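Consider the single chain below, provided in structure tokens and representing the form predicted on its own.
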Amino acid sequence: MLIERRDFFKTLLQTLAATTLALPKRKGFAAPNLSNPKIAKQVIVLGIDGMDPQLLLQFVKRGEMPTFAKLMREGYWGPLQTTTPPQSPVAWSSFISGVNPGGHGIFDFIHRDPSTFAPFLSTSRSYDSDRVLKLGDWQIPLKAGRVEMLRKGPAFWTFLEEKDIPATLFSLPADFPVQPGKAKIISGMGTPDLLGGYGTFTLFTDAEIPNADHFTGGRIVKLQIVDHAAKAVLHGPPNTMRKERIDSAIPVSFRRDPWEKVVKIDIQDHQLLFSEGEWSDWIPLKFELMPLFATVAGMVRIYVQQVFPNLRIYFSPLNIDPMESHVPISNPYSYSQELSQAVGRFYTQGFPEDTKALSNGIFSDEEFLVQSRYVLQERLRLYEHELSRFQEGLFFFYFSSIDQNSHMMLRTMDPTHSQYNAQATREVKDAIYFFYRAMDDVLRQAWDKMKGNSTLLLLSDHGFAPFTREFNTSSWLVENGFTVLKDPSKARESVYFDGVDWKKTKAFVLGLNAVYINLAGREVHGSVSPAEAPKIKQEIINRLNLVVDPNSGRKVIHEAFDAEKIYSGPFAHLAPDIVVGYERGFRISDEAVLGKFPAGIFQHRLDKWSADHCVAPSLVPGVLLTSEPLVKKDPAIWDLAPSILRKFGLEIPGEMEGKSIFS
């Protein structure tokens, strides 16, 4: 997405001691305590990230989603209140905990440590071992590094575990690293690739790739082809056992047939032959950290994009191998192995669709859809396998397809969108419908699985809006005197705030929806006294609410929220001071998110990531469908955890603010 791996998420420690991070193996689960006849024996929850209520209704009215239409008639359906801001890690954390963000401490994709000003991904952080043995160029850890989950408070299924009610949760967002317990869990959104970020592809090619030095989420390796052969290396995670922390690497060689569109690829003990346009299955790899002593397991998928006139070989982001994970992606540890043995290896990276390959022009629309369909096919195999084994308790399964494809492909079905292409193929124009229609079959299978006294819920965390105009919020703060630069003429050269005069700066932007006051005593470079902070905050809010796009005359900000007024709970003090709720069509620019100051305040969105949901929450509600009627009006995503507990006859914990939606 928007995070560069080397800047924002230290590579997960892969060392001799890393195996201590693995969770204990379990062979089974205690028999469920279902002595209360009111306890439902089955609660099936389908998490469909990014499903939009307006689009869903449009497809249902066309008669193309019969199972959804049936559930809408026989049960309940309607919009689902989402969080402020309506970002996925924030919303799914509220689903898990039953509280507003002030109760779980996740407020954006990006947080910062105010004492050091270091940025990090909001849901987890990794730390190197603090005890190492130094031997020449080597540093051997004497105890394990650690990966810390940053979502606070208990997850709702821990209360099921206490009653020995079985629970299976697949690809659960905002739940990495997975915690030990009785539930069977595979982590989802927030799980990094092997490099420690949201996904970094590699393209091996002898072609000239424009702007390759400025890619985020991808690397270009230039090949020198001699007699149709070339050699290169595939870079892996930085080797934390070397003082220099140089990247681990694996040699890879390519040999192209002089006459046919065929290429032979040698990598480790794999000798692979591909035709142009062909994808591989998952290829397991080992990255050596210390010879004969320590390795890290990963896996990759290869796509031979072109053989002639230029060689273009795409390697997917390196994923953590579910057959041999060194970090907690599943509970019990053997669960990911068990699934891999049953249906094959699968994407463990939290964002499996390679949106960066499309944004950077490496994939065409058609190629992106092929890769997205591979992701969906994998998920469907896993879903069908796990659903067939489910008997009682809780079953949760998550699908990312609609969300990631909506970000990239909603433009293809909207003739009013600035990036709409009337000449696109029918497959491209129907891309969004394809993924919605696939969810109809997912819902049908869940419905068919239900027994008497069962409950079915389907939810999305937010909807979608077009994203056609970028607002450089950081530059706006400079123009209005809230952020001060040492040399305004060098604003475009700034990298992560390095040109900011902190003594004069009153506020700054960090994150997709966040503005922070440069508060003395909290921020490491704080300059604003606690007494003057409320006045400055209100002034920023008032001015933001009046911003108008000169191109259209439209308001840019639907509402700028004072965090003190919208959050409550033990972790509300960790929130940004202002949460910016943009209007539909607008969002902060990618550059402004990460401490840069682009020229001008507005610009057209040219990236194919051209739809988004980081706007005001009232503009992009999620979706809720249930198999039975509701007693609570205006359900919210934080109501679902207590509702699930009540379905099993359990009391709602006092720390949960959500209410049961069922009688």
Partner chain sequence: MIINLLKSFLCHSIWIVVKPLSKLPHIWGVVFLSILTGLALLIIFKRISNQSGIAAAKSRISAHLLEILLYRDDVNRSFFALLNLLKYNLKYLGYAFKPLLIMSPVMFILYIQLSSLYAFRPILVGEQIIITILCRSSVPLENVLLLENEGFKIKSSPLRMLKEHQIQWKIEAMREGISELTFRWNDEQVNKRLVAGKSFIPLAAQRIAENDPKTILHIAEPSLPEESFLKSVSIDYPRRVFSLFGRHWSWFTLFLMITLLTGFSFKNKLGVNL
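Numbering follows the first chain given and starts at 1. As the structure is a computational prediction, the values presented were derived from the model and not from experiment.
Not pictured, yet referred to below: the form predicted in complex with its partner chain.
Asker: Name the residue from 274, 374, 447, 117 that puts a heavy atom within 4.5 Å of its partner chain in the model of the complex.
Answerer: Of 274, 374, 447, 117, the residue with a heavy atom within 4.5 Å of its partner chain in the model of the complex is 274.
Asker: Answer with one of 520, 413, 262, 297: the residue that has a non-hydrogen atom within 4.5 Å of its partner chain in the model of the complex.
Answerer: The residue in contact is 262.
Asker: Should residue 256 be counted as a contact of its partner chain in the model of the complex, where contact means heavy atoms within 4.5 Å?
Answerer: Although its partner chain is absent here, residue 256 would touch it in the model of the complex, with heavy atoms inside 4.5 Å.
Asker: Taking any heavy atom pair closer than or equal to 4.5 Å as contact, tell me whether residue 367 reaches its partner chain in the model of the complex.
Answerer: Although its partner chain is absent here, residue 367 would stay clear of it in the model of the complex, with no heavy atoms inside 4.5 Å.
Asker: I'd like to know if residue 227 sits close to its partner chain in the model of the complex, meaning any non-hydrogen atom pair within 4.5 angstroms.
Answerer: Answer yes; at least one heavy atom of residue 227 falls within 4.5 Å of its partner chain in the model of the complex.
Asker: Does residue 278 make contact with its partner chain in the model of the complex, using a 4.5 Å heavy atom cut-off?
Answerer: So residue 278 counts as contacting its partner chain.
Asker: Name the stretch, out of 490-498, 264-272, 208-216, 357-365, where some heavy atom lies within 4.5 Å of its partner chain in the model of the complex.
Answerer: One stretch meets the cut-off, namely 264-272.
Asker: Could you list which residues of 533-552 come within 4.5 Å of its partner chain in the model of the complex, counting heavy atoms only?
Answerer: The stretch 533-552, when checked against its partner chain in the model of the complex, contributes no residue at the 4.5 Å heavy-atom cut-off.
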